[in-house]
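In the structure tokens that follow, the same protein chain appears in two forms, which are kept apart as structure 1 and structure 2.
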Structure 1
């Protein structure tokens, strides 16, 4: 807020007992903030209130006086706890109206599923008198917009309350279909401008270190905002360029800035764009017409899980072996007992033998292997917790790589190891294979 004031004052108001008693984590507010940041906007505040009429009305009145746009989330269901529409009407001093089109859509949804519609659902079509309804294609409750005219010291201030269901899927559907385009249009009307965005995805550097490297770029380009998002173990860097004029020229400048940022950050950037690491690995496998197999010790299946998280991955992912015990490294991957005895399970020769075994036995074009110490036990002075060996096997080469991750706890060591394995695979596939 201190660095880049919004042109529009926007607040979030989440409604529901379940958000305050520990049952449900409200993710709509954070995700709204994220979506707004892409437009160069920010939330000036957020609030959560229980399903209590007096508290909801008071919170609405305060927010209406402070903001240009208030986005409410929740309280649109069919039960008596759901009082958002009546509270908005009460805050404005008006009544409710029955929204015929919203009710017709609702009835059609029940008819399509061949379920009789409970009488209580009729309630969801009761909206503030002056509101306009928003078609919700993901659920029965319509969204709606209620305009307010507030008397201020400096004259009348007009603002809007946008109301969405609390279910994230429905909230995001209405947010993306109606709210964001409306905000974008309003920004464009005020001062025609282009917002162009580039995303860099990094692994291996802390946010503060990346921030230092991008400091000069940010200082020299006041029309560029640099945003950081930690998606452990990755850091996602977004450059948002606000400009006017020729689209092609602005896009070219964004590309040049992105290349400059890439050069400044260096090799910890593994990709540009929105795709996660596993999606990029799958694309690189298809480009190379290669299948993949995994051999995992300390990651215990996490790499295979990430690759198969992606729908349609079965064309290039054959599977893998989780060789947690040494006996399985021998039985399922053919790592010799002598190698295990001589070098220990966490070693370059074992990582390489695991990768070779997985590639050959599972019949894959390329295989990645991981063996390391995730902790909290099992570390030594020689091989502390965080020590991980990676093995990579192709038809023409084998590679082993050692990483010493900081001991941020078992879960994080495993996440760092899985992401690093995917990155090694991607680099190998993008190289001269």
Structure 2
């Protein structure tokens, strides 16, 4: 990868009809942007084009003319609509070559599975003549790098097109194995620009409210980019600084600005950094040497799902009870029928009893419970849709918290309730119970 005299310009080109007609969401570009930001880099542009040869070639030629690195995804399969390799060759004005090592790996994969290899898979080994193949251990299609010589004002500049399959796990494998190390080497060799960022994750305030609180910080620091992203039910705020020269000084300034932003936003900030809420909760459980159990009514298991979606969570997550019906609250969690009759299922006493029951019956160190009205029906004047009670039980205390969420629809109420439960759990654990 050659050295550019200016900012390292990276673009993404996602290829496929399915990305434009709604069948598939383009997660590869988003995840590439996230991976680059960890290195202090960012995407300068991203485009999605259909499986149309003329449009792909035109998009490639435009991106090649302005970027140092273009990363394509998709179009490397064995079917007639997979035309990325031939379009890259056409954009460069060269032909295709048959890559024997790639074909041999492909043949070995089919042989290991004792499946005959269709003749159509052979076309996956046809790569642009000047390209270098990248071994894909997750699938049949090899990745490849194609260099382009671009005439610029300062003379000829060599840029590269990196091509990966569109299947996310194959894309991520090739990205992490080959592309990111190459970019890291470029930075180590003295890239002219490095981004320093700090991320604050917030829950409970609207994006507009957070923006108002950070208004003075933005006005006093016009060189700092403040990025807001709504990732319902959270708002993610990122401060981005450009490091030129003394990187350590910029890092220190980033820390100071992050602390100032945290103070300005207030208690809505539940964490600084990129780890999601469930990862923070699991880490806090391990620090406190505690296990957790869940008792869920209106969230239907969403809290437990978020925790167990994280690999390795079984060391601290014991399990949970989805006690949707009152009979299950009684039979599985020990909530008394008298308490349900007197206070109703959506109440502080029931939330407390659910949490206590989950902790005691599952043998956990801490338990979180939630019971509420997600809608669209079931609300009343006293308990409108969005009313949710939380219970938190430890070996020394049990507390309850009431939240009244806006009626944004059933799924959003449930998502807000699950996130809030995790936040309450994290706050309790960080308080070293």
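Positions refer to the first chain, counted from 1. For the two forms, the rigid core is made up of the largest set of C-alpha atoms that agree within 1.5 Å on superposition. It should be emphasised that the depicted structure is a prediction, and the values quoted were computed from it without experimental measurement.
Between the two isolated copies of the chain, the form predicted on its own corresponds to structure 2. In the core-superposed comparison between the two structures, residue 96 has its Cα shifted by at least 2 Å. Here residue 37 counts as shifted, since its C-alpha moves by at least 2 Å between the two structures after the core is aligned. Remark: with the core as the superposition reference, the CA shift of residue 125 between the two structures reaches 2 Å or more. Aligning the rigid core leaves the CA of residue 179 displaced by 7.7 Å between the two structures. Relative to the superposed core, residue 23 moves its CA by 3.0 Å between the two structures.
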